[in-house]
Each structure stands twice: as C-alpha cells, then as structure tokens.
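Given as structure tokens, the chain that follows is alone and in the form predicted alone.
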C-alpha cells in the first residue's frame, strides 16, 4: 500500500481475466486479516492517491498488490452504493487497513484480458496471496466485488459477441478445440463441435499453422493462429 496521501472516498478495482485453454479465470487476492483463521477474498483494488489520475491509480494498485504491469486496463463502470463497504464481513479488514473504515467509498472498476502464460502474479502489500480462480467457482468476495465481477463478465460477453473482444485471452497458437472452449466459457453455453468449426473456418477468424500439438496423449491436433485482419 502506498504511503502517499490517499483519498478515503475513491478507490479502483481491477478485474483481470485469463484463460487456461479450458476455463475462464479471474485474478483474486487473499487479504490479510487480523484473525488468521479467517480468509477474505477480493479483486485487486485500493484507494487512489490524491495527486494521481484514475488510470494511473489502477495500474499502480494492480502492480503493488499482484506484481502485474504492462497490462491494458479499460475503465468500464463506477460503483457507488452508499452501503457497498459497510457489510459486517468486511469490518475486520477495513479496521486494519483504513484510517477511516466508516468512510463511504466510490470505486471505479477496470477490466483487462491477459494471456496467462505471459504473467506470473506475486502477492504483496496487503495481499496474502494472489491466484487465478475459475469464474464458474467464484466464492463470496469482499465488499460488492461479486457484483463488480458479474458486470465485467457481462461486458466481456457483449464485447465478445459484438466486437470480437476476447481473443486476446488465447495463446499465440491454439487448437480449434481451445477456441471453442473460449467461446463456450465466455458465453456460458455448449456449442456443437461440427457447426462451430465450420463457422470459424468460414469466417476466416483463424489460420492454420504447419505445426501440431506436442506432449499430448491423444492424436495431436493442428495448431492455429488468429487472423488479425479479421479479429
């Protein structure tokens, strides 16, 4: 946590999505609590500093808590419910880390899409640990972070359908099975394998490489790459 003068009423929270070729993930932190028997999970976030902009604050906070940097963070919504930080489950952490734990806090939420293979999160500041959590198994989070995450997921789904945003989650080379799983995990529904592959190839969203999978127990599949002129 920064030692500069912080604004007690404005914070930033970061929803960082990843994809492991099977499931959509979100970056979470485990907050340090005075009672070591308790665990409080949250999105990476913190108060802004008085002399910094919101984008600058989001990048700083994400780096200070998780060690991640060089990520494009997009602001997507603000959350200002008067009671968003007054739940009894959050009091222990607030009293330990906020000089004014009763202050009303409006948070500006950011989201990012990353290739998990390119980043190695490391916990610091008030984060006991930082880890990737399956979206489908998201537990109860601190404050209103479940709502913030839900809104980010809805935004991701809309942008994925309308603007093809989301392919950034794929590794540089992938199979048709991997891209189908990306579609399914973002949209939240199963897709017919044959019809999906015909559609993807017809739209020329991907191009085959001259490589196949290695180190797999099944028949190696052809690897593809994004056709950036289409995506």
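Numbering follows the first chain given and starts at 1. Between two forms, the rigid core is defined as the largest C-alpha subset superposing within 1.5 Å. Keep in mind that this is a model prediction, so the values were computed, not measured.
We do not show the form predicted together with the DNA, though everything after this point is about it.
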{"item": "In the model of the complex, residue 162 touching the DNA (heavy atom, 4.5 Å)", "value": "no"}
{"item": "Distance check, residue 172 to the DNA in the model of the complex, heavy atom within 4.5 Å", "value": "no"}
{"item": "Contact label in the model of the complex: residue 222 to the DNA, heavy atom within 4.5 Å", "value": "yes"}
{"item": "Contact test in the model of the complex: residue 195 vs the DNA, heavy atoms, 4.5 Å", "value": "yes"}
{"item": "In the model of the complex, segment of 56-64, 42-50, 23-31, 173-181 with a heavy atom within 4.5 Å of the DNA", "value": "173-181"}
{"item": "Core-superposed comparison between this form and the one not shown, residue 14 Cα displacement 2 Å or beyond", "value": "no"}
{"item": "Rigid core superposition, residue 201 Cα moves 2 angstroms or more between this form and the one not shown", "value": "yes"}
{"item": "Pair residue 133/residue 215, Cα separation in the model of the complex versus the displayed form, closer or farther by 3 angstroms or more", "value": "farther"}
